[in-house]
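Single chain ahead, written as structure tokens, the form predicted alone.
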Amino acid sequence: MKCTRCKEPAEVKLRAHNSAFCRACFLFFFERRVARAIDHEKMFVRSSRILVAVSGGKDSLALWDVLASEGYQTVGFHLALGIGGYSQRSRERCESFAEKHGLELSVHALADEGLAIPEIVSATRRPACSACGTIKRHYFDAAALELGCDVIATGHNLDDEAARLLGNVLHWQTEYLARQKPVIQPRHEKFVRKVKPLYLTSEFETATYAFMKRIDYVVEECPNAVGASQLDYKAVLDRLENTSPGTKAGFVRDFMVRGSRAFEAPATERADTGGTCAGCGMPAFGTLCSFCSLRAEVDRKLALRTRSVSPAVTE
């Protein structure tokens, strides 16, 4: 098997692209693909300061590596979720990557505020992924504002986007379908644009890039992801992709080009009209934003639990 580009011996075959590449040509292909997604979707420009949300996994670290290599102004932001050894290893991978490449990294630990994910799930009985999503959105927005960033870049890859799209279509989650885009424009002055430069890059491709660039990342899945419907959707799509290479890319790309417009709200309805959260000062439709509401719920239920187990006071 020879490289499609230079005819040297190939190291990786990409069935979805009907191509094979040697190491040098694959790295060129990967980096050019990310660059084209950025340019085509007008995600950001050279002068932008980019907050890269890094989890310690292959996708976010591969994205950070590409952006830094291309000379973009980046600052990594890692939210330590407090999920035991998994979170500790994730933080270590982010810190090691930043130190090795001389990059700026900001770390925020939820445990320092008594908000570690296991404690939140235990107190509220909410699904871990739901609570985690609320918390990540809040801290990403707050970090971008605090660190003076113009855009938030996440490592969501093609497999993530295809699985999410399938789930939203199966359940006709029209509100989520309206916002499933590679670029989400801010709807408040305290928010910044959110982008997904890897939205057409497969998980296999990011794993190959990380391997070839010797990026040390956390291999294991988050323990809370076990049993998540997202994994079932990925398995279904993997079977379709195996039978018909290119299915995932076609599904996502065609939705972006043809389907997403059907779910867009009229221009007059797009701007947020909410006020300011009394708890954190970030935008909110009610007195409290969703994050502060979650935090208040945790505090309230932990207080009730403590009160119920405290020994009775006798004179």
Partner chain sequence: MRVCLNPQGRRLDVDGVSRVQDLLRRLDILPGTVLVIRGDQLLTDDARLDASDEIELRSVVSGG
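Residue numbers count along the first chain shown, from 1. From a predicted model like this one, the values you see are computed outputs, not experimental measurements.
Not pictured, yet referred to below: the form predicted in complex with its partner chain.
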query	finding
Stretch in contact in the model of the complex with its partner chain, which is absent here, among 249-257, 55-63, 37-45, 281-289 (heavy atoms within 4.5 Å)	55-63
K234 within 4.5 Å of its partner chain in the model of the complex, heavy atoms	yes
Contact of Y217 with its partner chain in the model of the complex (heavy atom, 4.5 Å)	yes
Contact label in the model of the complex: T208 to its partner chain, heavy atom within 4.5 Å	yes
4.5 Å heavy atom contact, R305 and its partner chain in the model of the complex	no
Non-hydrogen atom within 4.5 angstroms of its partner chain in the model of the complex for each of L110, R137 and T276	no
S130, T174, N242, Q88 - the one with a heavy atom within 4.5 Å of its partner chain in the model of the complex	N242
Contacts with its partner chain in the model of the complex, stretch 11-45 (heavy atom within 4.5 Å)	E11, V12, K13, R23
